[in-house]
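A lone chain, given as structure tokens: the form predicted on its own.
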């Protein structure tokens, strides 16, 4: 699979149900999210700025996109009705048809810019690996059908020796009439 195909297949609004297990805090969390994925052009000022800030301004981005989310978690002890939300820009830079890097304006495991390595497995599964200062994150995304996808993640200690958190999400594309 090529990154262009993966991004095109991911575009749209998704309703996500995620179960997360925090081994560090011995907590189990249920999260309901709405995720919006939208392609942007490589000429967008935000794309150019992210390329510059990561010292990759000479690289050619392919299918940059934004991801916006709103999530409700049962782990919010102060206010169970609180909604977490955010938005990030993702800029894929392929090295080959199966591999490359993705620049992210906001990381998954830590709220900072991140450079992730990606690859596609032979079955089409997208694997995203990110090393942060305090952790290593690996996320896998695969399509069950055109409108259903699954996502799993494992967050490890920065040395990779201990598992901090695991999660699994099933996501269904919202269809508009």
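Predicted, not measured: the structure shown is a model, and the values here were computed from it. Positions refer to the first chain, counted from 1.
Keep in mind that the form predicted together with a further copy of the same chain is missing from the display, and what follows is about it.
Trainee: Does residue 43 reach a further copy of the same chain in the predicted complex if we count a contact as any heavy atom within 4.5 Å?
Mentor: No, residue 43 is distant from the partner.
Trainee: Verify the contact flag for residue 55: yes if a non-hydrogen atom of it lies within 4.5 Å of a non-hydrogen atom of a further copy of the same chain in the predicted complex, no if not.
Mentor: Taking the distances in the predicted complex, the answer for residue 55 is no, it never comes within 4.5 Å of a further copy of the same chain.
Trainee: Please tell me whether any heavy atom belonging to residue 142 falls inside 4.5 Å of a heavy atom of a further copy of the same chain, as the geometry stands in the predicted complex.
Mentor: Yes, residue 142 is a contact residue.
Trainee: Closest heavy atom of residue 167 to a further copy of the same chain in the predicted complex, within 4.5 Å or not?
Mentor: Contact check for residue 167: yes, within 4.5 Å of a further copy of the same chain in the predicted complex.
Trainee: Looking at 148, 48, 136, 59, which has any heavy atom no more than 4.5 Å from a further copy of the same chain in the predicted complex?
Mentor: Contact with a further copy of the same chain in the predicted complex is made by 148 alone.
Trainee: Quick one: name the residues from 113 to 138 with any non-hydrogen atom within 4.5 angstroms of a further copy of the same chain in the predicted complex.
Mentor: Going through 113 to 138 in order - heavy atoms within 4.5 Å of a further copy of the same chain in the predicted complex - the hits are 121, 122, 123, 125, 138.
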